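This document starts with one chain, in the form predicted alone, laid out as structure tokens.
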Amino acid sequence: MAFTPWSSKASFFRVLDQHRVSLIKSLKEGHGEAPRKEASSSEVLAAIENIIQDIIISLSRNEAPFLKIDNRSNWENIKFEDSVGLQMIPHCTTKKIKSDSAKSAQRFALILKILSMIYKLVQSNTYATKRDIYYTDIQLFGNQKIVDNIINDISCMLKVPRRNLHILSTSKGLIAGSLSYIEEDGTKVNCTCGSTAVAVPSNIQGIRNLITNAKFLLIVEKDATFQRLLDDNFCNKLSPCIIITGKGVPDLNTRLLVKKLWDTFHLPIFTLVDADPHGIEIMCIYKYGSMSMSFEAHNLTVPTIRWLGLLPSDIKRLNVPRGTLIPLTKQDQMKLDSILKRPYITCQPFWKKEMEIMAELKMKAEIQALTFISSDYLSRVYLPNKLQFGGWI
């Protein structure tokens, strides 16, 4: 059975307002801790100098210097709080990057190389992208992923948010809808929903004067679905809203923007993802964060995010033809089992039930499966009815 066709804007706004009130109430009850304090330039420089000083002291003692970094890939170092998400425990296990070890000597050198570049950037108050860092010496770094991982390690080691290192990421996300702001260089940006979207800024920290009359924010997993909503003029037909896509697994800037919009406006935020383990994983990253970036959870997670669709139960409810579904692969099943074991699932019984439905069906569905009903069913019926009647979990 489908929802009753959307007919009343009054009831739509009433449901969203009730949701907004409950979100603000939860904030007052402590479900919205302040993000970790920003580090000043002098604090970042001092932290780097302390590391170099320790290395010099080791060398003066004829000892092989090493770097100690928190282990970001061990679940034992992660704790879960429903008001923040996944975050590293205060005294977690560490790993040593030794200068005299064949396995880690090169990484030791690369960390020092990038530390020296960060020091110059912070000292001169200039910025560079991760791509810029990589292209300073392609042969030395080998590939972009190595640079990205080292920058995250440095941020974790220095205990400062990554943006305080003056290293920016190239954004891949898009945003559209009722939002305008001014970028750090004074450029005025208007994201009014049209046939094209605006790229997520590279320096989220620098944007200011954010203005919106949106009633909610919708995070869309896929670029194709995002573009379809733009083509259907979704932002204006239903009510003023903002839609964002990270084009799959979100980059840091897309997550920072979602967080900034939540901190600024406290809008209800919903996710629209495929009814598959990968889509659920992406939603979890926005809501609760990832293990690898858990050291910066306060700056990235928005635990108030709700799962709007596509729900596995929608597959049954809407009688989606089995021919449009895709069998779960072995990797899908492993991913599903992994998510079900995570600490935040215990406080999300409705999520657990949906994943159990998926496991029982042994099938997954892409959002595009809804087009079997009609080409514009997603924007004309599915989303409006879900939003009007509170069809999220």
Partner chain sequence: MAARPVCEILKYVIFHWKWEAAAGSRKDLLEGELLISIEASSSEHQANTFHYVTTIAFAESTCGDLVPKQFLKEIQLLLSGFSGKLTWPSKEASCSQDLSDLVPFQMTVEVDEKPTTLKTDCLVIKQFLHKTSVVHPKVTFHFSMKVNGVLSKETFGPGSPGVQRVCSRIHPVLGHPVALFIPDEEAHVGLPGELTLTPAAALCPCGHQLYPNQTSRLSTAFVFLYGPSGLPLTFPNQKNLLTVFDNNSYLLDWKKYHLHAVPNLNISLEEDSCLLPDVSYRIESPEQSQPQDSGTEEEVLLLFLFVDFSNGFRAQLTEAWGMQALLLTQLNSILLQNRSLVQAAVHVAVDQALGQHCGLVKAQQKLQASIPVAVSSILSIVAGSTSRSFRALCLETLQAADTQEFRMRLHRAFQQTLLHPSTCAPKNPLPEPAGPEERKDGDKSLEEPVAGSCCLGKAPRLKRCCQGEGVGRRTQADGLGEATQPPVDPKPPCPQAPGWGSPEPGWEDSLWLQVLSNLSERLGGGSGP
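Numbering follows the first chain given and starts at 1. This is a predicted model, so every value here is computed, not measured.
Here the subject shifts to the form predicted together with its partner chain, a form of this protein not shown in this document.
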property	result
One residue of N213, N143, N125, T93 in contact with its partner chain, assessed in the predicted bound form (non-hydrogen atom, 4.5 angstroms)	T93
Of F108, Y134, W307, F265, the one that lies within 4.5 Å of its partner chain in the predicted bound form (heavy atoms)	F108
Full three-residue contact with its partner chain in the predicted bound form, heavy atom 4.5 Å, for S155, S169 and V249	no
Q227: touches its partner chain in the predicted bound form, heavy atom cutoff 4.5 angstroms	no
4.5 Å heavy atom contact, E49 to its partner chain in the predicted bound form	yes
Its partner chain contact at R322 in the predicted bound form, heavy atom, 4.5 Å	no
Its partner chain contact in the predicted bound form: I57, any heavy atom under 4.5 Å	yes
Stretch in contact, per heavy atom within 4.5 angstroms of its partner chain in the predicted bound form, of 342-350, 360-368, 322-330, 66-74	66-74
Sequence-ordered list of residues in 100-122 near its partner chain in the predicted bound form, where near means a heavy atom within 4.5 Å	D100, S101, A102, K103, S104, A105, Q106, F108, A109, L112, K113, L115, S116, Y119, K120
